[in-house]
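We begin with a single chain expressed as structure tokens, specifically the form predicted alone.
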């Protein structure tokens, strides 16, 4: 009985995640294609939609939430994100600095 309920709950999470991912991706593509706002506003809204999609993926596909048992996984993911962010920001800083020196 619990196995069937667990399967349904997991299937529901995947379906909700799929619908959220498709909806958020479609909204971002529609904003860029139809261009209803100025470029900076569209960029901000697309970035916000990307963050929402990231949260949807964490919650629905990776089953990572704020429960005590999943906090270790969440901390590892956040630490990885910080390291990747530092690497990308450092690389961009070096590239732009070299670009200015070459001009």
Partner chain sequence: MSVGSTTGKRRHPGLNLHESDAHPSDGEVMFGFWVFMMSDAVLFALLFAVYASLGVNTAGGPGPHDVFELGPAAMETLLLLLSSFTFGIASLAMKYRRGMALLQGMLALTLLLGLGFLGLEVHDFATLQGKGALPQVSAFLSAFYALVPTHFLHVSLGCVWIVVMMVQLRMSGLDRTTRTRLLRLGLFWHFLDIVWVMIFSFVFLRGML
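Residue numbers count along the first chain shown, from 1. Computed from a prediction, not measured in an experiment: that's the story for all the values here. Rigid core here is just the name for the largest C-alpha set that superposes within 1.5 Å across the two forms.
Omitted here: the form predicted together with its partner chain. The next part is about that form.
- Although the partner is absent here, residue 65 sits far enough away that none of its heavy atoms falls within 4.5 Å of its partner chain in the predicted complex.
- In the predicted complex, its partner chain lies within 4.5 angstroms of at least one heavy atom of each of the following residues of 19 to 43: 21, 22, 25, 28, 29, 32, 33, 35, 39, 42, 43, in sequence order.
- Annotation for residue 85: C-alpha shift of 2 angstroms or more between this form and the one not shown, rigid core superposed.
- Relative to the superposed core, residue 94 undergoes a C-alpha shift of no less than 2 Å between this form and the one not shown.
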